[in-house]
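Here you get one chain, nothing else, as structure tokens; it is the form predicted alone.
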Amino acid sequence: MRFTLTDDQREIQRTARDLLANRSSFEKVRAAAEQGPDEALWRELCELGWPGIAVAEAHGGQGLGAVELAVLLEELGYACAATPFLGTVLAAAAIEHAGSDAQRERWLPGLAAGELRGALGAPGELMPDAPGANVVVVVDLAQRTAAVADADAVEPVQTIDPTRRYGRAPAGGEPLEGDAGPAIDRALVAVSAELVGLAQRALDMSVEYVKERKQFGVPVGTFQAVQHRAAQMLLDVEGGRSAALYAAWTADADPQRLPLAAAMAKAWASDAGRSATASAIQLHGGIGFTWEADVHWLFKRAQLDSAFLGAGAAHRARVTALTRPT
């Protein structure tokens, strides 16, 4: 087990950070919130093969792993990118790990290439990227089952996060024939990675702001109360990243540990994402509450991500159940 990213994984991270800094600035995030998803960015991600990074080469993907996917999702969260990437990779992972050969052959090549868009979530609950998706996978978190639902039955829902389309899908559909448990756990890891990216961006923006904003003639970052809040944000981010990357590593290297690791990652990241982005608004002071400030995009995305597929309390309960002596 490595405790750092490999050179190749760091290169993926660097490439993603550089590309998204140019292609997904907050000006473009704001434009997407007002006009709809950034189709130009989505096409570019598809040309780079990002939607298929963790899909097997036999199905048209790049054949890499859950860690590489987590690295990309952290960077996409950092940029608050307005693309259907999350839903598409979650649907692809579910079909690859729980679908039949026929289901894989039918859906995976299109999802890996970005020619098809996907979504995954619990029936009746808010599901990111569901409106407009070609493949909608509904999962039963308690029974650990999944099915491909009728995409035409998705009900669009307006939420506090206009940078992403959300909807609700009914239960039922074409069952995925395999064990959906690992696919659900991989989805938890992926969302945790995006939450870490959101929290890291919130921390970076806040530290930059409190270094420049002055009160009583000195930077507000010199105030102990501000330092304490920023330190807690750092703890939230680093703990979430460690948990998410460990869970991603178990997905491919030690699958027996994945259920517990995924629950731990989502429990931490759900709370950390909400806390860190809320703290960013506080540290930005009066301007942090305005529409013109950009930190609210991170806060809104984190609120919905934290509840998606179960909030922190639900996954702490799962950790307890998984570790309870028999």
Partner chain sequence: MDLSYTERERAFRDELREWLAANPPGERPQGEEADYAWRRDWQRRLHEGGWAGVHWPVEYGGRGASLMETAIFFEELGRARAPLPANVLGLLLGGPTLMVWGTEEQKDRYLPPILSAQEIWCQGFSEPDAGSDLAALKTRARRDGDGWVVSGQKVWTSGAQFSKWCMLVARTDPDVPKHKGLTYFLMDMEQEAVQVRPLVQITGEADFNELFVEEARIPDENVIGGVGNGWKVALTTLMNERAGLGFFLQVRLRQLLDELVEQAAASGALDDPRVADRLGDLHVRTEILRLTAYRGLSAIEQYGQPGPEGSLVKWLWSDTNQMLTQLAADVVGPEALTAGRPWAYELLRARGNSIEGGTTEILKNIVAERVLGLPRAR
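Positions refer to the first chain, counted from 1. Owing to the predicted nature of the structure, the values given are computational and were not obtained by experimental measurement.
The protein also exists as the form predicted together with its partner chain; that form is not presented, and the subsequent description refers to it.
K.L.:
To test your reading of this chain, name the stretch in 89-97, 233-241, 105-113, 142-150 whose heavy atoms come within 4.5 Å of its partner chain in the predicted complex.
P.N.:
The contacting stretch here is 233-241.
K.L.:
Considering only heavy atoms, tell me if residue 256 and its partner chain come within 4.5 Å of each other in the predicted complex.
P.N.:
Contact check for residue 256: no, nothing within 4.5 Å of its partner chain in the predicted complex.
K.L.:
How about residue 228 - does it come within 4.5 Å of its partner chain in the predicted complex, if we only consider non-hydrogen atoms?
P.N.:
Close contact exists here: in the predicted complex, residue 228 approaches its partner chain to within 4.5 Å, heavy atoms only.
K.L.:
Taking heavy atoms and a 4.5 Å cut-off, does residue 245 contact its partner chain in the predicted complex?
P.N.:
So residue 245 counts as contacting its partner chain.
K.L.:
Considering non-hydrogen atoms and a 4.5 Å limit, does its partner chain approach residue 9 in the predicted complex?
P.N.:
Contact check for residue 9: yes, within 4.5 Å of its partner chain in the predicted complex.
K.L.:
Can you pick the one in 182, 221, 162, 132 that has a heavy atom within 4.5 Å of its partner chain in the predicted complex?
P.N.:
If I apply the 4.5 Å criterion carefully, the residue I get is 221.
K.L.:
May I ask whether 251, 284 and 297 each come within 4.5 Å of its partner chain in the predicted complex, counting any non-hydrogen atom?
P.N.:
Heavy-atom distance to its partner chain in the predicted complex: none of the three under 4.5 Å.
K.L.:
Heavy atom within 4.5 Å of its partner chain in the predicted complex: which residues of 247-267 meet that condition, in order?
P.N.:
The stretch 247-267, when checked against its partner chain in the predicted complex, contributes 249, 260, 264, 267 at the 4.5 Å heavy-atom cut-off.
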